[in-house]
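Given as structure tokens, the chain that follows is alone and in the form predicted on its own.
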């Protein structure tokens, strides 16, 4: 099995980024068509889960509003370097370099390997572009990617936070706070109110049919990303906006961060998708977007920054033996997007022999498990006749495992 196929199995969420760039073509965003062609996606295969043309139109409207507004806010920040996390397959790097900015694209290794050569060929100022494979929950990978940058950063996070568990979202926020503490700058994201933007957009454009089209969109996103829920403590719930907004603000404050909420309706430029809408639909959409905000997040100098959990991370190590049909694993460091393919490679090797009935994992030196690691462990469990047994897990790892249904713990 190739490295790429292993990365795809542990990181299916990358497929949502291909859906986004196909929607950008539908919205007429410059450069998106060339990227889609280079990816051999001219058949719009990622959009096939949205068989309804109107659902595709609604998603294209959301995507174009986010892309163009985010570009505008990044430029308005005044910072010279844009760090896009995740960068996906969008033409944002081309746009930023055309506007005399440096662009740093951070994403899963599988995405970076595909998109970097495409952007370098298309960008007029490729020398101002760099890409790095990272895991957003892995602080070391983020710091390593940005260590050579001087001056403040404008970190943009668009369409990522909703795919995380509560624990992962908390970890990512802590990591971004750490980066802002080292480099200065700001973090711009529409993600806390992504559900509000989708709900307002579809209701304005499709009226009574909006709920069915939203469900089609949600099912497509969950199917591509392999997540069970598109939400966490960082996401505002349309059914309880005041309480969930206060929760998000408290989460940021916990990490020494504060937010300025920028009204989307007041900063959104004219959109190409308007050509496919009627005047009343456009008017309702613009009005709905006046109730949505993008968040510009910065360090709150008045608060003491919490440093819990910011100890030095250990590099991933894996040792294994097979005895009497049991795979014995010893894991060190983090089992996440970057390291999970290494475990998958070992599993495929020993499982191919057909003699593995169960797995025992020594977690004494395992610091963290992300959703990518959990996804792989669940796959391994499905192919074993016995329950996976974990030993020596710290409190954090034990909590994550038990939340996902792994109950066999020894010496924890």
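Numbering follows the first chain given and starts at 1. A quick note: this is a predicted structure, and the numbers were derived from the prediction, not measured.
Below: the form predicted together with a small molecule, not depicted.
Participant: Is residue 341 one of the residues lying within 4.5 Å of the small molecule in the predicted complex, judged by heavy atom distances?
Facilitator: No, residue 341 is distant from the partner.
Participant: Should residue 158 be classed as touching the small molecule in the predicted complex when contacts are defined as heavy atoms within 4.5 Å?
Facilitator: Output for residue 158 is yes: heavy atoms within 4.5 Å of the small molecule.
Participant: Any of the heavy atoms of residue 135 lying within 4.5 Å of the small molecule in the predicted complex?
Facilitator: Although the small molecule is absent here, residue 135 would touch it in the predicted complex, with heavy atoms inside 4.5 Å.
Participant: Is residue 111 one of the residues lying within 4.5 Å of the small molecule in the predicted complex, judged by heavy atom distances?
Facilitator: So residue 111 counts as contacting the small molecule.
Participant: Heavy atom within 4.5 Å of the small molecule in the predicted complex: which of 164, 202, 131, 295 fits that? Just give me the one.
Facilitator: When the small molecule is considered in the predicted complex, the option within 4.5 Å is 164.
Participant: Which listed residue (327, 87, 289, 180) meets the criterion of a heavy atom within 4.5 Å of the small molecule in the predicted complex?
Facilitator: By the 4.5 Å heavy-atom cutoff, the listed residue in contact is 87.
Participant: Only one of 103-111, 267-275, 317-325, 119-127 has heavy atoms within 4.5 Å of the small molecule in the predicted complex; I'd like to know which.
Facilitator: Only one stretch qualifies here: 103-111.
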